[in-house]
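Heads up, the chain below is alone and in the form predicted alone; it's given as structure tokens.
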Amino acid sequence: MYNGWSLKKLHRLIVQSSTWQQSSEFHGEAYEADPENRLLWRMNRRRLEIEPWRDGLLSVSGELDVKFGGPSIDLNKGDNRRRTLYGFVSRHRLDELLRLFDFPDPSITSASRAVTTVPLQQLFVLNSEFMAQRARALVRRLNAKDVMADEEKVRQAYMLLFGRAADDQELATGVAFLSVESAKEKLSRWEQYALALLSANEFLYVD
């Protein structure tokens, strides 16, 4: 009211508040006093919806098409690298990826989205061709720079995907995995490692 009912100023007040900018870091004393976080002593951890998650996968792999506007496109098309916002949604046959990750039924009104955790979601992440393509593209992006040792590539991957440096244990685990030669498989050793990073909860959840 004091600012002429300006929604922009209201939004600015909210997003610049200390409450809005909190992390999901755990504090034992605060948890004992307010285990349900009703007083908002931390941000509740939340899982990304399917649209920003798919866009994030395409972005870190260097494939995302950020062109603005245009017609909707079938998400199953092999060359579809556009933002998920432009995915075609059928009321009669919802895309399998959208359906699997809790996209609401487009034939009815939905007040909110359900958030489910089911085995089929993880099976998709580990076994789908879509995820395998993202892993291959991520490896190509890491290899596009000057020749680097595996250790440096692991560091680059952590900064690219998680926005932070890999700690000593993560670095040692990654290098150890990459140093082991394996039998001929669908994915190379590096592609398997890239898929593991893309499948991590840290990439799927907002902290």
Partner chain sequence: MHSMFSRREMLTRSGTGFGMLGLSSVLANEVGAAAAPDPMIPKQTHFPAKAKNIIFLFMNGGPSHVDTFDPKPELKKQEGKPGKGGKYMSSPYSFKRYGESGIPMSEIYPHLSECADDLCILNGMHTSTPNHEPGLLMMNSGAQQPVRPCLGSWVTYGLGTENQNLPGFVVLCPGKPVVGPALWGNSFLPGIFQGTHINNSKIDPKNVIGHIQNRNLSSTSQRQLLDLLQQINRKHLEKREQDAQLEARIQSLEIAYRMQFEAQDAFDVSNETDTTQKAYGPGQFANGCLVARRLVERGVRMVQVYYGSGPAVGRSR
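Residue numbers count along the first chain shown, from 1. It should be emphasised that the depicted structure is a prediction, and the values quoted were computed from it without experimental measurement.
The discussion below concerns the form predicted in complex with its partner chain, not included here.
Of the residues given (K153, R54, R42, R141), R42 alone sits with a heavy atom within 4.5 Å of its partner chain in the predicted bound form. Among heavy atoms of L85, none comes within 4.5 Å of its partner chain in the predicted bound form. The shortest heavy atom separation between H11 and its partner chain in the predicted bound form exceeds 4.5 Å.
At the 4.5 Å threshold, heavy atoms of T116 reach its partner chain in the predicted bound form. For D79, no non-hydrogen atom is located within 4.5 Å of its partner chain in the predicted bound form, even though that partner is not displayed.
With respect to its partner chain in the predicted bound form, the three residues D105, Q169 and L187 uniformly fall within 4.5 angstroms at the level of their nearest heavy atom.
Contacts to its partner chain in the predicted bound form (heavy atom within 4.5 Å) from stretch 190 to 207: Q192, Y193, L195, A196, L197, S199, A200, N201, E202, L204, Y205, D207.
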